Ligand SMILES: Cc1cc2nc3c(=O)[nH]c(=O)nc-3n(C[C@H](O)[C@H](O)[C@H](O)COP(=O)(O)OP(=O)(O)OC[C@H]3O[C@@H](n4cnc5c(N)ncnc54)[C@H](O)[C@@H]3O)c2cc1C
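Have a look below at one chain only, the form predicted alone, in structure tokens format.
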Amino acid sequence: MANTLLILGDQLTLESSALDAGVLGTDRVLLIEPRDAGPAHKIKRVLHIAAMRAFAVELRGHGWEVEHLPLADVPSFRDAVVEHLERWRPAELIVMEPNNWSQQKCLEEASAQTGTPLRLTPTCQFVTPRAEFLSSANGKKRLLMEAHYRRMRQSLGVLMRSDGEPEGGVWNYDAENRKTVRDWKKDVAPRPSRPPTSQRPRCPIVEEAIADVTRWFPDSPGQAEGFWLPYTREGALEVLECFVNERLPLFGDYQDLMLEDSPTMFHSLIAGPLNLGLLLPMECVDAAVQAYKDGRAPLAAVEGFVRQIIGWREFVNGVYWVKMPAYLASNALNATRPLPKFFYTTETNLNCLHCTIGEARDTAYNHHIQRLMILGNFCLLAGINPQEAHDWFLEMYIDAHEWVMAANVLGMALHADGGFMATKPYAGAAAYISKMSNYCAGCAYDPAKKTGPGACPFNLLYWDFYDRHADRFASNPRTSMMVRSWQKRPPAEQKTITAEAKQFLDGLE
């Protein structure tokens, strides 16, 4: 009896262990384009649909029998799986470990309903086996990304010397990868010759995906016609090569910089295709490490990129699986303020938010510092409901999946998990934004003003945040200094700051 090999929409790789478990010429591959996949930017929807359709063509070219269910036929993912299993009665439903908990739960329910055995094969989209990460985290009150990253470097032999020490003598070059706007102006560093978010030449698969997204998801944010991403493995490899050859050398220096007129800077832009399986993590790492060995990129830049792939990406995925399903309800700071409407309209006098949200709306992309220190920082300081913030991040970005955003938003940006994955809240006042961006030059607010007319709300909200949460953070070695600094201020000054912060926050509603 034949098996069904279900390839989920974010597992589009011929290296799939589900395909490896199948028998060519006997087993059937199932691909599903569900209309109930959750809120998403139109550009992201085009990426997913075009990539699935191109992958179906690729699978057939390798001799697989493929049942590919298009958007028009699939109002419900779960119902489509159940209908397929009841119609074909396969011996097993074989699926590579789903990347998202909700997908796995859905498949378990469909298996139970139809009596079809479900076999999950190990994922090839992460380097650390899921069971291994869960075992290593068992019983721990807190996980440290740096410890995980060093273990990964050692076990994989990435940027390691023969004596067991890290290449260059240090593990982490983060301190060297923080050039500011002042440095940028002084260095007069060149921008990439072609904006990476420029539209690409269209083909029938992309045109049909754009038409279908426009038809079925008219209320999703963004414009489908703005699609700019690679949707095949060949295209993804070209983007990786372009990054390594053209942008990686300066990526380290300027990875934290935010420029209004150059939103993508020297970032790789591979997260979208990587999270769909069009690229695999170690080939990205190997390409960067080879550039270092060849003298084409400095160690600090390469180490920073490697840390993002086998450090941070692996870590947030592991945290997600350790803490699910309860993690999505995290709200340790009891934040309840609704997400402001300007997160969709961009209509705010805060230029950093206006620009960053506008870029997300137009391209479905912001780089990691924009997400953390502009958007996440604002939501943290303003006490925005973490579930509403998480849903917005999940909806707006090309690389957004539940496993990506849960730990990044709830854990890292909003400290909603109480410090399980980040030892301190990533709170920042206007000085950081002014130092690391050129947003403040075009803003209605003055980053140097602490109170009074024209004072930057980030300054008010920063101290108001530590006033509201002084009891929690006074005993934290990484935040106790800020709490003491706040508590030493004259009562009249404290009263002015909290009153002006309240006035600003009340105006959000």
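The first residue of the shown sequence is 1; numbering continues from there. Bear in mind that the values here come from a model prediction, so they are computed numbers and not experimental data.
The discussion below concerns the form predicted together with this ligand, not included here.
Enquirer: Okay, which stretch from 107 to 115, 398 to 406, 218 to 226, 77 to 85 lines this ligand in the model of the complex, with non-hydrogen atoms inside 4.5 Å?
Expert: Answer to the contact question: 398 to 406.
Enquirer: Heavy atom within 4.5 Å of this ligand in the model of the complex: which of 257, 384, 319, 412?
Expert: Of the listed residues, the single hit is 412.
Enquirer: Identify which of 297, 357, 274, 210 has a heavy atom within 4.5 Å of this ligand in the model of the complex; exactly one of them does.
Expert: Comparing distances to this ligand in the model of the complex, the residue within 4.5 Å is 274.
Enquirer: Looking at the partner-bound form in the model of the complex, is residue 270 within 4.5 Å of this ligand by any heavy atom?
Expert: Residue 270: contacts this ligand in the model of the complex.
Enquirer: Determine whether any heavy atom of residue 372 comes within 4.5 Å of a heavy atom of this ligand in the model of the complex, and answer yes or no.
Expert: Yes - in the model of the complex, heavy atoms of residue 372 and this ligand come within 4.5 Å of each other.
Enquirer: Can you work out whether residue 244 and this ligand are in contact in the model of the complex, taking contact to mean some heavy atom pair no more than 4.5 Å apart?
Expert: Answer no; every heavy atom of residue 244 is more than 4.5 Å from this ligand in the model of the complex.
Enquirer: In the model of the complex, does residue 305 have a heavy atom within 4.5 Å of this ligand?
Expert: So residue 305 counts as contacting this ligand.
Enquirer: Residue by residue through 279 to 313, tell me which have a non-hydrogen atom within 4.5 angstroms of this ligand in the model of the complex.
Expert: Going through 279 to 313 in order - heavy atoms within 4.5 Å of this ligand in the model of the complex - the hits are 305, 308, 309, 312, 313.
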